[in-house]
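Just one chain follows, in the form predicted alone, and it is written as structure tokens.
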Amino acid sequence: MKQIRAVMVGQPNVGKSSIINAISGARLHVGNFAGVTVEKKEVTLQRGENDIDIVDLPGIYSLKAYTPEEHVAKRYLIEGQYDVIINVVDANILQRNLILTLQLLDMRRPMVLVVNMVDELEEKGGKIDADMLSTLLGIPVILTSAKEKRGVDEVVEKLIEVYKQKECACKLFYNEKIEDEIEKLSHILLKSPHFNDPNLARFYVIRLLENDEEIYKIVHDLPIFLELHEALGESIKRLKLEFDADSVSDIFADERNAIARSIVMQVMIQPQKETLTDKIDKILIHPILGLPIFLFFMWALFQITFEVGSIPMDYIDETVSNFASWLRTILPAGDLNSVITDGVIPAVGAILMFLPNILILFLGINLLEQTGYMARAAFLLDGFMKKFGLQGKAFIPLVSGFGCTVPAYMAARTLKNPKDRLITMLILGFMNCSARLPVYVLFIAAFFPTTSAGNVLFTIYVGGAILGLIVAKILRAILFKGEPEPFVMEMPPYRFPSIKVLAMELWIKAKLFIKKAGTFIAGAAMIIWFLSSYPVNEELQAQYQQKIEQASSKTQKVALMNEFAAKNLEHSYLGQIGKVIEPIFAPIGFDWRLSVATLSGLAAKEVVVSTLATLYAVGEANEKSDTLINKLRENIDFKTAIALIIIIMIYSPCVAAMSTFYAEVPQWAWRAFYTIYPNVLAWLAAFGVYHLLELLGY
């Protein structure tokens, strides 16, 4: 068996994942690249005597990387061990995509060009001459449509064919003056015993001329570095003078743009008729109707999230309760039984109940992205967001924040202006991440009628976003004076989403969520159980044991058991912690239980629900007649519930998100400001609303 390792690379939204999914017989493995949280997808398949691994790299616009995903992709391309590059491009925006292709050709590695989505181009009356494109580039070219599974099998065949050739017949050459400088510098680099490959030397020289810091670090320790560094400086001076340019990167950018434009003119018949995308855009990005349509879509998404997601909740709750009851009968009595059946299982079950809601929310966001509507939403909101001191492109990390704040902070790297990036990151916490959804669903179910639940959830999410925009306006006026940068972004054509890709993304999200529930949240539940169960007050236990034995009816016994559990909890370590911090939260109606639950939310917002489940899991809390919702109704009034929702909306995100912010923003002054201001704002907002509702008679 021959082992072939290929790497699939392309700009974002060119359909790499769709092509991988369309390759029949492939097994997909999903994980993270070593040392980073960037997702790694890999497929393995067999063709004849060949074992083939294909690594699907994150989308990358060019080898001049900005985002964490682009840095990972670039590093893998330069340092990774692989045999063949599969470069996927979008037929609809071929000229723009070819910029990356030309950079990859600088590497002179065996390569296959996959021109995807040709069906969309042909529907518009366009056409690509694959043979001519192959001749001009010197590499095999395949026209594919992942949606129609057209040309997909040929990708694997060409991959094997190119692998056997062991070298690239690339025909890319730049202006004669540029090539002269490349040759001079390559000659110096090849003097080093570390370099015996002229193609690799050429690639390194091109990257050095474009001021690539990562390549600079690689060659810095070579014996010939001083000679190379001096010659490199002279070459840069000559090229700037020759082309009258500010930087050599600009010279290469102009060269590649000219080459890509020339290639497209020779190989493509441009579409003439008005496209379906053009027709849809007349409605969806209409200057008057566009924004109301977008708000309607978001309202509908939250309605569906609540209404459909609530259907399986009772079944999950009943299943978890029955499992805990069954396990209680087979485990030996004692602390182990209690920590599992009263601590871990109710806490994890309380979180798993909300898995359907979270998956529906993720499905909606993924649909917006896959169809191409997300970019239009950013365009629609650009003018609106500028009024609050943000640029339209900030919409992408802000919407990502509805999923998870951690990748949203990373997505903010696409904002190149430091002020725009920092102001966006400082308000990302106001975008309600999916981890807060279980808390909202729980309290909405407990304190609002079912008919208005979706509207309340929509109001919470929109309210958080509006508050974030108001804070952004204040920050821009006081701390970040100046206008945001102009908004430039690609508008992809509309596409039908891939059901397989959607299902795979949801499966990945479900696995991550269940893993989190089964590990981190289970661990937190065990800690909370311990703190709520110890120290044991033997005198109180003996006193109530006697009362329970003397009780005349089952109802009286249950009432005494609940009373004992409440007093025991109050005297526990957890109760003591709650009593210490209770004065901070007392002005907004919180007792020590809600105070502890709020504090636990700093670890992860889902833990608020599991903490409450543990704190109220006394008596028959696991029975259908005595659920967590009923416990909340018994112990919390309406104005306190609203105050808690406001606190969850505004205060600091989870530890993982805060750590990501600290990693992205090295200045201690901004770290301190970020840590303090949302918590102060949350308390003040909750205090104001609580006392306003009190005045209104709630």
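One-based numbering along the sequence shown. Keep in mind that what you see is a predicted model, and the values were worked out from it rather than measured.
The form predicted together with a small molecule is left out here; the points below concern that form.
With the partner left out here, the small molecule still marks one of 125-133, 570-578, 497-505, 429-437 in the predicted bound form; by a 4.5 Å heavy atom cut-off that stretch is 497-505. Checking K184, R238, K473, K147 against the small molecule in the predicted bound form, a heavy atom within 4.5 Å turns up for just one residue: K147.
Contact with the small molecule in the predicted bound form, defined as a heavy atom within 4.5 Å, holds for exactly one of E120, D420, D342, D317, namely E120. The closest heavy atom approach of S595 to the small molecule in the predicted bound form falls outside 4.5 Å. The shortest heavy atom separation between N13 and the small molecule in the predicted bound form is within 4.5 Å. Although the partner is absent here, N116 lies within 4.5 Å of the small molecule in the predicted bound form, judged by heavy atoms. For the chain shown alone, N97 is not a contact residue for the small molecule in the predicted bound form, no non-hydrogen atom being within 4.5 angstroms.
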